[in-house]
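Next comes just one chain, in structure tokens: the form predicted alone.
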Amino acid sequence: MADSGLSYDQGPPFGAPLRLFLTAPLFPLLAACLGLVMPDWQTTRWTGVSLAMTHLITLGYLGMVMLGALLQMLPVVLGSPVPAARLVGWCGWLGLGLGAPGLALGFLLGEPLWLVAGTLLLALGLVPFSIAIAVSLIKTRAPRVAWPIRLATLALLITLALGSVLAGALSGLWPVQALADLTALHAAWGLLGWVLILVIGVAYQVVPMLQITPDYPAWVTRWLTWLMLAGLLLYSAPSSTDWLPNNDLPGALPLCASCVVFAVVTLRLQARRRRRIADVSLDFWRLGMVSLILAALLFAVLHGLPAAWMAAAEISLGILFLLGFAASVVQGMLYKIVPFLAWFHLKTQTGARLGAIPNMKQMLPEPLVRQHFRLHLAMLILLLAAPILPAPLGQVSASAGLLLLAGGAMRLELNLRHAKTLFLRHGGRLGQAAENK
């Protein structure tokens, strides 16, 4: 693995990101259990259980992993440590760990108190984290590389602001007109702004480094995330009669084009990788890129579909983006990052020679990761089929898919804990930074 120019000694203790990584799989497990108990999530994305499941995955699962990745990536790749990394890591962990379930409970019960409490807890966790990330990005010695992460952090703050307005409106604290349009903006900034732009920014670094591919073309790294920002601004632009958008086509086109460009370029780079051995983490990435292309195409034609198809199409779009794209890529990254960090911190702390401690493949054995990929792929196929199958078959497909989602979450948790167990068994210390020998 190429590591030229990386500052591993500036990274936080292994326990800081690992705490977030280990907590993340609990949220898709909880979402799957909710879907099994309350199957009306298939009818429309507006049901309480649909909203609860969506926020458990976006905030609890994706949010936890992304915050952990930023804690590790900013000091190592950009040479700019996160201020008070341990403290803001705890803040993010507690804010997401308590706020996401609180918000989900508010959606399930229709209870304003839980909606407000969940939103406040999320803000208390994410705002300090965002400020610390912003300080780190200001001080970085690699400003061009940092711009995608800066844009993603801005999108996160906009998402939090829109979510707070929505939570207050649903709680009756203030009136909001065109609630559905405001919800669409909240989703766009959260999924395309925060999640996708951050994944793109991280991919610029980790795909060439961890998958041994050529670098992304300069025109992609220079312009793609700015094109996405332009699309989001157009999508959010006020109309002549209202401050909410009434025609999202001008913004949707550059957003969809950006998704397709990123996915196609990534797949082409992976096809040219220098190490031609089987790698299941690469399979997660490829599945994610194909899902992103399909999601972009579906998003582009969504409003031209017959009304009878709209509810199923919106649910399928959410499954493609959240589970097909985002979860696949996140899992592909975890299966590279965690074993490397476990091996690196163990080697640094113990000073052990090669062969005296487990290598990266032993930290997370390929057969265990392959089991998870198979569960994940089968889950995605079944959940995508559920909205379009006749009622009895659709329900069976959805239930089977949710069982596999739960199984995949448990498999991921056990796999990550396998790496942690080996790390501790060979003398590693979670609270010790790599520079302390």
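It should be emphasised that the depicted structure is a prediction, and the values quoted were computed from it without experimental measurement. Heads up: residue numbers just count along the shown sequence, starting at 1.
One more form of this protein, predicted in complex with protoporphyrin IX containing FE, exists but is not displayed; see below.
K.L.:
Classify residue 64 as contacting or not contacting protoporphyrin IX containing FE in the model of the complex by the rule of any non-hydrogen atom within 4.5 angstroms, answering yes or no.
P.N.:
No, residue 64 is distant from the partner.
K.L.:
Does residue 350 reach protoporphyrin IX containing FE in the model of the complex, with heavy atoms at most 4.5 Å apart?
P.N.:
No - in the model of the complex, heavy atoms of residue 350 and protoporphyrin IX containing FE never come within 4.5 Å of each other.
K.L.:
Should residue 167 be counted as a contact of protoporphyrin IX containing FE in the model of the complex, where contact means heavy atoms within 4.5 Å?
P.N.:
Yes - in the model of the complex, heavy atoms of residue 167 and protoporphyrin IX containing FE come within 4.5 Å of each other.
K.L.:
Would residue 183 sit within 4.5 Å of protoporphyrin IX containing FE in the model of the complex, counting heavy atoms only?
P.N.:
Answer yes; at least one heavy atom of residue 183 falls within 4.5 Å of protoporphyrin IX containing FE in the model of the complex.
K.L.:
Partner absent here, but in the model of the complex, which of 193-201, 219-227, 324-332, 263-271 has residues with a heavy atom within 4.5 Å of protoporphyrin IX containing FE?
P.N.:
Stretch with heavy atoms near the partner: 193-201.
K.L.:
Does each of 286, 288 and 377 have at least one heavy atom within 4.5 Å of protoporphyrin IX containing FE in the model of the complex?
P.N.:
The answer is no; none of 286, 288 and 377 reaches protoporphyrin IX containing FE.
K.L.:
Under a 4.5 angstroms heavy atom criterion, identify the one residue in 88, 152, 346, 122 near protoporphyrin IX containing FE in the model of the complex.
P.N.:
Answer to the contact question: 122.
K.L.:
Work out which of 101, 75, 163, 254 lies within 4.5 Å of protoporphyrin IX containing FE in the model of the complex, going by heavy atoms.
P.N.:
By the 4.5 Å heavy-atom cutoff, the listed residue in contact is 163.
K.L.:
In sequence order, which positions of 54-86 have a non-hydrogen atom within 4.5 Å of protoporphyrin IX containing FE in the model of the complex?
P.N.:
Sequence-ordered list: 54, 55, 58, 59.
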